[in-house]
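Below are two forms of the same protein chain, given as structure tokens: structure 1, then structure 2.
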Structure 1
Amino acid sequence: MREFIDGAEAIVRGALDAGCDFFAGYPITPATPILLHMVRELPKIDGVAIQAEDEIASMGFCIGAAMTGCRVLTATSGPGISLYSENIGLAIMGEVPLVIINVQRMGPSTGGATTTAQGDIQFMRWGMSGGYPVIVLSPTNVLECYSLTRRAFNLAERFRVPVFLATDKETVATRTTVNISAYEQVPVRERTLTAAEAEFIPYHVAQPDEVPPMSPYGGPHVVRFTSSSHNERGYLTKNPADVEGLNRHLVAKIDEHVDEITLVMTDIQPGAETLIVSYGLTARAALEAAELARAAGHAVSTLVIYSLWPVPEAAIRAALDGVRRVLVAELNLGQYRREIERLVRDDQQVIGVHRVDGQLISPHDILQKGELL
């Protein structure tokens, strides 16, 4: 059985099936449909959905609720992500599980409200002070809006870190046909909690890459949270050993587990000299381009990256093996191309296929740039 559905609804259904029970957001095109869905749906399961006074407050509400035991979601677009920035830093520092839907629109600044773009790829990763890691997933279609939203919630719990879903106006607003049985049912990962009778040391980890279990406000323990450098008890500290331990932990818990986060789709053709790399909605054009190129007798391989951050370096290197040229297609002027460029060998050429005129990259654009016509 099929249905006709857009990405916004798929994201919302994914969030609800992932156990989301709290949403705060501020209206912005093209992310507003997610707010509207959540405001309608969450009261049905005794959850809370609220329009905050601005995006700073949206994130503040989400963070407070997450620390009080909720599974939280927010959704916005470029200008809103800018306002989220300080609290994304706080959520990294305090290790708050939360999911942020970024429905990308054209920037910079207010840019083009109803124009699709993929211009926040580096911003999502680096747009906070300190430069500590977050996780960014990017769906290429409606089905993946559902499944990657579910994964995003699980990763947020697994790593206690903000997880972005990097989507775009086109994917969220376009309605398409999907096979209802094709939605991937990702099992729900529950929050890891400290047992009621156990002592709760809010930030205690035995190894740097471990993730400390949580305990909600109002639960069995006294809970301390701080966005300042802290020791394992959540007390502000300048002790160099504690500060270094904390900062290295924030990186290690992600970096040492990239394999758990990595999600790519590779389609390697024997003897292919060209690899087309893409992500998000542009991957749809990339796959179509590959099909056309193959039909015309060119051997090409494809790599679709769903987990943009942390960069799935091992998977990218594996896909790069044996090719001579890499086409990177994205709706910006080469943001993720930088990551590919640092992974290629000297004898491999990286060619960017970019558009920033508000139009989508077409399969034809990719074929032309790659001289595969």
Structure 2
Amino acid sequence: MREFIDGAEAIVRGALDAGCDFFAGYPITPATPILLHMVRELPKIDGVAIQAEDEIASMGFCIGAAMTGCRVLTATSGPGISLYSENIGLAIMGEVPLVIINVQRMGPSTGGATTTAQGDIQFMRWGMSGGYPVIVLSPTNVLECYSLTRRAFNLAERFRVPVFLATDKETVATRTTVNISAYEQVPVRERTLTAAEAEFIPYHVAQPDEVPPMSPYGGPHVVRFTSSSHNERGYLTKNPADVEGLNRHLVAKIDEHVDEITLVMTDIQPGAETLIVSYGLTARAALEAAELARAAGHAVSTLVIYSLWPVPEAAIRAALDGVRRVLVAELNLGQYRREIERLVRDDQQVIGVHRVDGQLISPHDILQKGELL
């Protein structure tokens, strides 16, 4: 069976199938359809959907709901992420599992509300004080909007961290025909909880990369939650050992599990001297460009990155092996290209294929920049 669907509907369906029972958000083009779908669908399953008074309140509602046992989603665009950022930092500090959909549009500031872009790639990773890691996934099409939304919920529960889904106006708003049986049923784990009868130490971990269990809502435990540096019991502290232990834990629980988070798609051609790297919307043009180049007699490999942060360095280095030049296609001025440049050898050339004029990158743009015509 086939259906005619857009990315917003696919994201909502993925969230509901992942067990999402709470949504809060504020209208903003082009993320508003996700809000409207959630307001319509969540009451049908006894969930809660709130149109908050603004973006700051939206994230506050989401944090509160997640800490009381809900599985939480919110959606916005670049200007909204700006307003979310303080509470995203709170969610990182408090180790709150939640999923944030960023439907990217052209910036800066209000930019082009109905113009697609990929300009928030570095912002999602570094837009909060402290520089502590989050997870960012990026779908390339409607089917992946569904599967990566489910994966985002799974990772949020696994690592107790905000997980972004970095999509864009075109993917969310453009309808396409898909085969319903092709939706990938990504498993979503249950929340890890401390037994009601057990001693509960809110942030205790035996090793820095471990993730502490949460307390079941309504149980007998005392739960302390703060935006400030705290010890394992949740008390504010300036003790250097406690502060360092906390901060190293917030990094280690993500960075020491990159292989578990990494999701890429590679097509490595024997003898290829050119590698095309892409993510999100531009991956469609990149894959078509590779096919056209091969038809013209050029050996070209491709790497599509679905897990943008943390950077899947091992997978990128493996794809770089043996190539002479790397084309990085993205709708910004080279934000993820910076991560590729860190990993190449001195004898490898990195070439950016970028547009910031409101138009999409075409296969021809990539072929021309890579001299593959």
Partner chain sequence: MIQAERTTYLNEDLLPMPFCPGCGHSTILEKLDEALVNLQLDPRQVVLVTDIGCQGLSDKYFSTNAFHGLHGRSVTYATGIKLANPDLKVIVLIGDGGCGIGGHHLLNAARRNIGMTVLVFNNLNFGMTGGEHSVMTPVDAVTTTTRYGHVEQPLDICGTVQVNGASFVARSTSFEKDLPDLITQAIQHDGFSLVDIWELCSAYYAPSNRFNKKLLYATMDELGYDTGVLFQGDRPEYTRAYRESVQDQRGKPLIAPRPLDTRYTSNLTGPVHCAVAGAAGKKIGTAAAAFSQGAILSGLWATQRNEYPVTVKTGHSVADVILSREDTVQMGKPSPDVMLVLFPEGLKKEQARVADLSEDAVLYINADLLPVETRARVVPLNFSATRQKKEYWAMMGIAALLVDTGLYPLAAFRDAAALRREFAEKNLAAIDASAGLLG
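Residues are numbered by position in structure 1's sequence, first residue being 1. We call the rigid core the largest set of C-alpha positions that still match within 1.5 Å between the two forms. Shifts are known only where both forms have a C-alpha. Fair warning: this is a prediction, and the values are worked out from it, not measured in the lab.
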- Pick one: which structure is the form predicted on its own? 2
- Taking the rigid core as fixed, pick out the runs of 3 or more consecutive residues whose CA atoms all shift by at least 2 Å between the two structures, and give them in sequence order. 216-220
